[in-house]
Structure formats: structure tokens, C-alpha cells
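Shown next as C-alpha cells: one chain only, the form predicted on its own.
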């Protein structure tokens, strides 16, 4: 077997968690984690401890995104070290508990990989969310998943901009992986979305097993969409939304948006055009959960990431 001179030697991934219900109304992850908690044979791999876990049980019980505050934004250093116990918001308490169980975040003891399962109401298809372009293990895993799923599409969204990225529940792990599969309404299970998520997880776990058993993965490139900007809805002086996503843009996640293209349509029928300096690729278009976050969609730019060869240390 040929070996690559500059192979990165990485520790084996022995501790893996699968989070469902970080948002309690995103049903694919909730259903899969509940399924695998009852019978985990499907997610077991040689030499790997894989733990399915309901991240936000109170929100799952109520079938809502969160109870007090968004758990997937709660893993800040301030929250994780905050005193206060039962006086803290429920999701901050839960973040501390998750950090104790699967971290501590940034420590050698932290879980190797956490897969965090999400649904979107946007027409995004299968998306893998990467938090660092320098995480060669995750880049190699995503390349493996993309090839295994071909000709079906599985895109990579890179969010590492210091002002745009957020403190996710998966960020507790050494290698955090977000899965975003849609479109699926909140509180609804669609069989095709459920199965797509299940297949992604199968390939991801297969990759981990192969890596742990000594397979060397050669250098590769991964096409990714780097988060560039958050775009809000047009609003009046009181902060009320005065326009909707334009019909030409609705459901067109990942398709090019060029300067001058229709972007919003006001309630009285006027078109607002995109005024950016170049072509972007919007995604999370008209995501239901992001109205509260003043976000109509995010723009991304396509780029090619390079992963070095990797093998186990």
C-alpha cells in the first residue's frame, strides 16, 4: 500500500455521539436517535463507541425549537462557565450538562466526533456543515460521504467566519459535523428526508471505521459553499417585515444569485433586486426558524478546499 509523504497522522475516532433534538421540532434526528437508542446495531462499528443522544428533551417533549433560548447557540465560554445552577435558562443548564458529558469543549477528553442532526424548511437537500476548513479529518469524511452518495447530491456548507459562526452543541467535539436535511416542515416527519439522513450517517460511520482500521485517505479536494453574509428581510421603521422572498428565489437554494436578480417582493408587488458586487449562492432561503433571527437567507461563495492525506497515528 503506497503511503503519502505528508500524511497527517491523526488519533483514532473512538468516541462518537449522534445528537438529535438539539431543536425539538426537527423530527428526523429525534426519530433516528429514538430508534437507535432502542436498537443501536445499525450505528455500531468495530472499535467505536457510538452514543445516540437527545440533546434537548424538554423541547422535544413540547415539539418546539427550544424552551428558553436556542441550544445550538448556547455553547459559548461564558455560558459553559456560568454559575447559577437552576436559575440559568434551561438550555444553558443543558449546555453545561452536555459539555460535562461529551467534553469538556477544547479538551483532550472531549468526544472525537459529534454528528448533530437538523432539519430545515428550506429546499437545501442534503447538506454537511463544516466548522473549520483546516479540519482535514472532517474534509476527508465529507469527501467520502459525497462520493458514496453520488449521483445524489450532498453539499458542504462551511461556516467559519468569526462574526457569523455560532456556538453549536456539536462544537464540544474535536470534529463537529452538522447534518442539515430538507425541506421538511417543523414538527413533521417525511420518509424521504428521514432516509436521506440515515444514509449519510451510515457512510460517515463507515468512514470512521475504515480510518480506525488503518486505511490511508489520499489528498483530495472538496467543493464547499462558504458562508459570506446574512441577509434580512426588508423592514419598516418599526422593524416589521415589508417584503417576502421573491418567487424567482424561493426554493432556489444553492443556485446562483446575480446582481440585479429579483430577491424580495413587497406586499404591494414591487420587486427588490440583489445589489451585491458579484454572484453568490444563497441557502437557508426563507427558513422558518430564522424569522426570529432577522434572516431571510445567507449568501455563500463557492470555493475548493484542499484536504491533506490522513491516516491513523
Partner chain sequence: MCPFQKMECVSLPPLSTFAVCGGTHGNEMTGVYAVREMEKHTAKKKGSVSITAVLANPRAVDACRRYTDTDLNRCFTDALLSSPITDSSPYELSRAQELNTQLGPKGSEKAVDLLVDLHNTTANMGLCLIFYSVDWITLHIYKYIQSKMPSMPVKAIQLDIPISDAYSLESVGKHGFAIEAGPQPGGVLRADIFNMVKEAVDHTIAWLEEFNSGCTFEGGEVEAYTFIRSVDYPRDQAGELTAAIHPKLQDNDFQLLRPGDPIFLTFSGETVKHEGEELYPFFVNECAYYEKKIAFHLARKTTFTFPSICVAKD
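Residue numbers count along the first chain shown, from 1. Keep in mind it's a predicted model, so treat the numbers as computed, not measured.
Separately, the form predicted in complex with its partner chain exists; it is not shown, and the next lines address it.
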{"item": "In the predicted complex, the residue from 189, 210, 149, 101 that sits within 4.5 Å of its partner chain by heavy atoms", "value": "189"}
{"item": "Interface residue in the predicted complex among 47, 260, 278, 247, criterion: non-hydrogen atom within 4.5 angstroms of its partner chain", "value": "247"}
{"item": "Location of its partner chain contact in the predicted complex, chosen stretch of 192-200, 124-132, 166-174, 211-219 [non-hydrogen atom, 4.5 Å]", "value": "192-200"}
{"item": "4.5 Å heavy atom contact with its partner chain in the predicted complex for all of 62, 185 and 267", "value": "yes"}
{"item": "Its partner chain contact at residue 241 in the predicted complex, heavy atom, 4.5 Å", "value": "yes"}
{"item": "Interface membership of residue 271, its partner chain in the predicted complex, 4.5 Å heavy atom rule", "value": "no"}
{"item": "Close approach of residue 35 to its partner chain in the predicted complex, 4.5 Å, heavy atom", "value": "yes"}
{"item": "Its partner chain contact in the predicted complex: residue 251, any heavy atom under 4.5 Å", "value": "yes"}
